[in-house]
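In the form predicted alone, a lone chain appears below as structure tokens.
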Amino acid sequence: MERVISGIRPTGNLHLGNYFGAVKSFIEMQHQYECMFFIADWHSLTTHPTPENIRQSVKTILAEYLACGIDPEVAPIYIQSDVKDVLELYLYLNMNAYLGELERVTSFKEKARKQPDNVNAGLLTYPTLMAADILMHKADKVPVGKDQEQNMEMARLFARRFNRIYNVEYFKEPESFHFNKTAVKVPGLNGTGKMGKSEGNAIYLCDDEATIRKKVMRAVTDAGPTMLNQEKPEPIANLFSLLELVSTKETYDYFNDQYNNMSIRYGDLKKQLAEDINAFCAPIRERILQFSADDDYLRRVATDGAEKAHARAEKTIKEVRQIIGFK
């Protein structure tokens, strides 16, 4: 069975866009591949979070991924900083990574432009830490968005370079698994673009019923169709896209017919959409609350995952040391 490794940035609560864009794919993949997931808390240090933010973000993301359906017995989840072996491989890869190629990475240049007062070495060597996370487990596939493809190319470059320098065929070149083959783009509620935290247009899986209802009822609409069977403009198409994700086909068809014959009432559509989003989120929200309240269980999940990850990593580091020439 092919091996898959994927890192999860601890960036706060999951929303519907995260669920249909990546998490749903993870849930399906865990039964098709030998999967392992990790919470990339070291990667988050490039933005200098507080200790309290790190701890809370890790706990939040762990509880929410478990609530969505990741089974730690099938696909172990570990916290990156619990597996220290990756830092040693990170060091070895950095010794064979060159300043010019790291500075040309698009994501580095973009982040350096956005945070000119915090262009730290960790930001520059992000690709080598990502490569260490992947190569440590000799992963066959890595689920990534298109914005991470250049970092994946760097990981393959570092694997080839290590093999060439030491005249071995040790590291395999991991393939990118793009979410756009299986994931769904979830629109936001502000009429344009996709759902996202920074855009302020997201419905979070942990939102309560009143919050979801309030957000949906404020969604952008227009004055209504002016022709039979006219094409839906983006704000309205977005609402129908959400309806298609969380409602029954009969519900979708009912409002679609109303739109096409110009009799639609957006208030009724929004009320139904809010009700259906609440029905979709309710069981996940309940499990989030249960997992978040059970610190002992979360600790066991993270500990068990770290032990399994360390077993792989320790073997890799031992072999890498021998290849390089260390006892």
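Owing to the predicted nature of the structure, the values given are computational and were not obtained by experimental measurement. In this text, residue numbers run from 1 along the sequence as written.
The protein also exists as the form predicted in complex with adenosine-5'-diphosphate; that form is not presented, and the subsequent description refers to it.
Residue contact check for residue 224: none of its heavy atoms lie within 4.5 Å of adenosine-5'-diphosphate in the predicted complex. At the 4.5 Å threshold, heavy atoms of residue 214 stay clear of adenosine-5'-diphosphate in the predicted complex, well away from it. Among residues of the shown chain, residue 122 is not one whose heavy atoms approach adenosine-5'-diphosphate to within 4.5 Å in the predicted complex. Remark: residue 89 does not count among the residues lining adenosine-5'-diphosphate in the predicted complex, judged by a heavy atom distance of 4.5 Å or less. No member of the trio 66, 72 and 301 reaches adenosine-5'-diphosphate in the predicted complex with any non-hydrogen atom inside 4.5 Å. For the options 184, 157, 97, 246, the residue carrying a heavy atom within 4.5 angstroms of adenosine-5'-diphosphate in the predicted complex is 184. None of 161, 84, 104, 197 but one reaches within 4.5 angstroms of adenosine-5'-diphosphate in the predicted complex through a heavy atom, and that residue is 197.
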